[in-house]
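Just the one chain here, the form predicted on its own, laid out as structure tokens.
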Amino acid sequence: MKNVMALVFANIYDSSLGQLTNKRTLASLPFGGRYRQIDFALSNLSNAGVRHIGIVTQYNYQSLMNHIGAGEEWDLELEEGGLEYITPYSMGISTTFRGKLEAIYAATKSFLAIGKEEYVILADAAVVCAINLDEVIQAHIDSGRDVTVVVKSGIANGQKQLDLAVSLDEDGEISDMAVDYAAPSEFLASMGIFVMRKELLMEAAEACVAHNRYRFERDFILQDWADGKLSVGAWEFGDVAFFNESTEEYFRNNLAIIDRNIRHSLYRDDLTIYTRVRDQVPTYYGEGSEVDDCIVADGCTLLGRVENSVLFRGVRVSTGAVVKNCVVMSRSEIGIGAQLEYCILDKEVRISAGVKLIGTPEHPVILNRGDVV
């Protein structure tokens, strides 16, 4: 799809993930045993043939750049016309972007304007899914609307605050729209994926920022739709989509992929999810180890008991240790006889022998990278 470029937003929900995003962007947060959040957005774009991509990020993006590298795993190139990083510093701005519209406006001259593509896709790294963007793009073009937003049922529940939610009438047309609202279950939640003409996006960003309007969903989509200035259509996504917009959601969604049906809906043969390749030896299962209902990456050493958990590369679970309902990131070590339940261990955490840590599904114990307990 050579007539489409894209902007991927890497920092939108950093503040909602607390300790997990203190020193990294949400986009570079590990997910599912071997991936990063941004792998899904980049893979979806690459699978659709979108090669001109700007990654909008504001701070703590060194780990993100280290992970993506030159973009080879996604068939992208880190050069003009390929993959670009859009930061306040690179745009000549001394402060962070207050919202998507300010970021889009800052990127207009240096990224959007020089692109020859007619359409642009906007995507949030917070939402994890495998989606056929070719279908979304074609549906948008066929509809003749100004904007198409990808939406998902089953997310709105009257409690989760959504950036954008819509309700549809019997003809599938948007009948109501809400922003920053805990919409009831009959609403469909925006997945943060939008398709529109590039020129329209550039004009909207310039006009909105000139009037101190910087929130994309609130100050552009909702306001212009309500004023009758913007035609917006909804494309409903029917497969698995994870909204990792809080620590509780991130923890729950990692464990959810242990379910075979959910996992196969997310990792599909026809929509490959790519990530940075790291060759390691296979996982070693000791004679006395017990491993039930787990996602285990390569390079692990398992000598104890692990149940209903997600283990990233190079994790070591020592003899007599028990790990239940946990997310354990790369190169962490659990000592002899330690007991962990409902925990998130960031990279390279060391749990000493005999330590006992027990959280809850709503409030898992979180250990920072390199912590020793």
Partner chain sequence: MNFPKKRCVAMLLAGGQGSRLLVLTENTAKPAVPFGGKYRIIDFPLSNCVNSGIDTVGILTQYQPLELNEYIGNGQPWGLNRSHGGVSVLPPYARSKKSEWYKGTANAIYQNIPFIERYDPENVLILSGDHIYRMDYARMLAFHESRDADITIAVRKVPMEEASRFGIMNTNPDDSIYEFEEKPKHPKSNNASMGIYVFKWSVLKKYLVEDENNPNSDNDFGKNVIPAILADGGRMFAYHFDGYWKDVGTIHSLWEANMETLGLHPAFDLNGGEGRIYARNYALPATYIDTHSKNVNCLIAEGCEIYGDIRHSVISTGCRVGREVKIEDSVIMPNVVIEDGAIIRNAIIGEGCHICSGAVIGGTFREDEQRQISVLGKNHRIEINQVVKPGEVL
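Numbering follows the first chain given and starts at 1. This one's a predicted model, so the numbers in the text were calculated from it and none came from an experiment.
Beyond what is shown, the protein has a form predicted together with the partner chain; the following relates to that form.
- For the three marked residues, Ile174, Phe187 and Glu236, no heavy atom of any sits within 4.5 Å of the partner chain in the model of the complex.
- Interface residue among Leu122, Ala297, Ala156, Cys208 relative to the partner chain in the model of the complex, by the heavy atom within 4.5 Å criterion: Ala297.
- Listed residues Ser167, Ser289, Gln138, Ser246 were compared with the partner chain in the model of the complex; Ser289 is the one with a heavy atom within 4.5 Å.
- Within this chain, Lys229 is remote from the site of the partner chain in the model of the complex, having no heavy atom within 4.5 Å.
- Contact check for Pro282: a heavy atom falls within 4.5 Å of the partner chain in the model of the complex.
- Using a 4.5 angstroms limit between non-hydrogen atoms, His264 touches the partner chain in the model of the complex.
- Interface membership of Tyr35, defined by any non-hydrogen atom within 4.5 Å of the partner chain in the model of the complex, is confirmed.
- The stretch among 289-297, 127-135, 148-156, 199-207 whose residues place heavy atoms within 4.5 Å of the partner chain in the model of the complex is 289-297.
- Using a 4.5 Å cut-off on any heavy atom, the residues of 248-275 that reach the partner chain in the model of the complex are, in sequence order, Ile258, Arg260, Arg263, His264, Tyr267, Thr272, Ile273, Tyr274.
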